[in-house]
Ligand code: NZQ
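For reference, the chain that follows is the form predicted alone, supplied as structure tokens.
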């Protein structure tokens, strides 16, 4: 047991705090000589919470183009319309204003705009198809959850084929991200709960594997989990309390900015399975993680027992051999957030879901997953069936 070899790279500049919109012009100008900016956002909530007005006031000296309607699971066909706008107007910088879905969508947009070919083939991992460059972009975070504001990964959906595909690369890091905790006050309870769950599961995927000798990463992960446990009831009760909102926002960013994975084993099989639940049934990403995660931990209990015991003792204050109790504590944490953890709580027609997911994994060659590369397809099928 040692510290695993690792490369660590994160070029994103974080502007954290209140009333930082006035710094946007200088940040944008440090990355482009042009004055054309494409502002991308979702359903228009930024026009209700004041973000849009503050943003536009700060960008009054730029030629602004707007693209709205990026979905909660950003759609390939929608995003390609933004790519056309960039090419038509020769735009050289993009601002993603929203949560992880908008930021993920913009990562695809800025890479696809520079790609000569069918961008979907890149997401399908076709040989020779890869994003090699991207237009520069920044992010204004309005929903703490996915950590997309400080990483290079994205998940893109295509509803006509019921697929969710991942992408990323060094060119897909935001140049800068603005994190203002005040926006949490305007979020619905469901979105706050989703954000907490998302950050919690991102941390567990990089922590609940097997012990390594990178003691710092172990403690950072445990610190994020403990902070989320402490923060969750307070921010749910009073999202306008900026001290709790700030802690949630920074936890969500730190959970997936590359720090936790440095020198340790990580899993991501929960995410791989959960993405298919969203693709097939349209369930919120965070909620699919809460459905799959505990059942995966149980199926791989023999592999994860040592780390589950550590998690139970250090994070939940349990004693001795507490792996099963630690899983139950995790489920109760989700339930306290009003996050159901069964597929039947979301959809009626779920029979055949497990078989369809296994079929998709077989087609992609995903036959050995998890931190030990020993999660078999028959186990994947059982995990999903146990989640019904």
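Residue numbers count along the first chain shown, from 1. All values reported here derive from a predicted model rather than from experimental measurement.
Not pictured, yet referred to below: the form predicted in complex with ligand NZQ.
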| query | Honest question, do 45, 155 and 186 all end up within 4.5 Å of ligand NZQ in the model of the complex by heavy atom distance? | reply | yes
| Of these, 110, 95, 256, 277, which has a heavy atom no more than 4.5 Å from ligand NZQ in the model of the complex? | 256
| query | Which residue, 290, 79, 224, 145, has a heavy atom that falls within 4.5 Å of ligand NZQ in the model of the complex? | reply | 145
| Options 307 to 315, 228 to 236, 191 to 199, 129 to 137; stretch whose heavy atom lies within 4.5 Å of ligand NZQ in the model of the complex | 191 to 199
| message | Quick check on residue 101: any heavy atom within 4.5 Å of ligand NZQ in the model of the complex? | response | yes
| Just to confirm, residue 264 within 4.5 Å of ligand NZQ in the model of the complex by heavy atoms? | no
| field | Distance check, residue 151 to ligand NZQ in the model of the complex, heavy atom within 4.5 Å | value | yes
| message | Contact with ligand NZQ in the model of the complex for residue 269, defined as at least one heavy atom pair within 4.5 Å: yes or no? | response | no
| message | Could you pull out the residues of 48 to 72 that have any heavy atom within 4.5 Å of ligand NZQ in the model of the complex? | response | 49, 70, 72
